[in-house]
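We begin with a single chain expressed as structure tokens, specifically the form predicted alone.
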């Protein structure tokens, strides 16, 4: 399709989840003109369904140093310390900023923030809104502010299909599916992750890595594509609720996991990689397709949307265990960025699950992701305004539809790049028609060890020589390792 009219903005933000909204509002508040591009109606993004909260050292007795230690422990010696230090230091201020923007977090009877405990955390430090409705509350409020802000132009139902680069290789805008072009100082990709590429997933259907494909076409480097986190407690075997995530916060309040024999088999508040792998081992041991999550002792008023969704599916969590099993949930990899969200292509930024700062290492600490959206969204929103305006006239590229993965790709990734991987299975992904599936397989083949969310049955131990070594995918080159921090 030939490029259509060109409109101008200081910053184009692609994606209207928590990362995109916070980035857009930050840039707009600083005086920038922002085009917010959303393929879906506002408040219907992946962030909307996020049940976790925001992790921040807000409690008496907590500290950024303790939050950092928990983040690094979960990340299995792959966490980039500089990125983690930024997150834990700036997280409390971002929570307060969200409160100032009108987000109402849950409070205790004294009016103080009610802090939850989740897997991998050594102290209660997770703020929620409406129990497990945090994503919904945050995205609704930020969406309303974006629509009302005079510096934000919201483009709903619009899809970015090409990044507009100049002769110098720098990004100067983007082209939408309908041919319209946006000329900008910078483009910030906040398009979410890749978890919907797996057959069994907690994510909505749109989490297919579109931002990663756009960035790669423009010459950006990607990293850690093999590191997909599998959430241990997604509903299993229930028509209409398959993959529905039962938030980790419920286990933080005392819910327990039981095998087919009724016995507990894991520390429910261990980091997610440990719990997910223990669930798979228990399922294999008993031959059962799921394990039971017992939340009968949990006050249903604490998690109203989870309880109502389960009851709609014919499950009563107050009287019976809920059948759960792991599902693809969150990708630690993405577009390589610095601590301001800058990619390796000038004028191109990424924030949230689309980006890879190295923050999450090989296994994301629970509820660090919504925090990341705000911490790095603010940084990217401000940094993008410092990019120079494009000089001279240039013709935008034509719209290039992105490839769509088929069912065979989702099945292949679940079978060959699921919780357990091997050389033979991963090698088959090199023939997959979807480009990201091939890259995921290549990165997983390169990492000949087991670390965090990446478990190789043919290399079952962590290789200390690969501590802090990230898999890098550069245009025109095979994946290689690069040491960060």
Ligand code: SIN
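Numbering follows the first chain given and starts at 1. In this text, all values refer to a predicted model and were calculated from it rather than measured experimentally.
There is another form of this protein, the form predicted in complex with the ligand, and it is not shown here; the text below is about that form.
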| item | value |
| --- | --- |
| Within 4.5 Å of the ligand in the predicted complex, all of 248, 329 and 367 (non-hydrogen atom) | yes |
| 4.5 angstroms heavy atom contact with the ligand in the predicted complex for residue 52 | yes |
| is_contact(residue 342, the ligand) in the predicted complex, heavy atom dist at most 4.5 Å | no |
| 4.5 Å heavy atom contact, residue 272 to the ligand in the predicted complex | yes |
| Proximity of residue 231 to the ligand in the predicted complex, heavy atoms at 4.5 Å | yes |
| Region of this chain that lies against the ligand in the predicted complex, out of 155-163, 359-367, 180-188, 402-410 [heavy atom, 4.5 Å] | 359-367 |
| Stretch 134-168 - residues with a heavy atom within 4.5 Å of the ligand in the predicted complex | none |
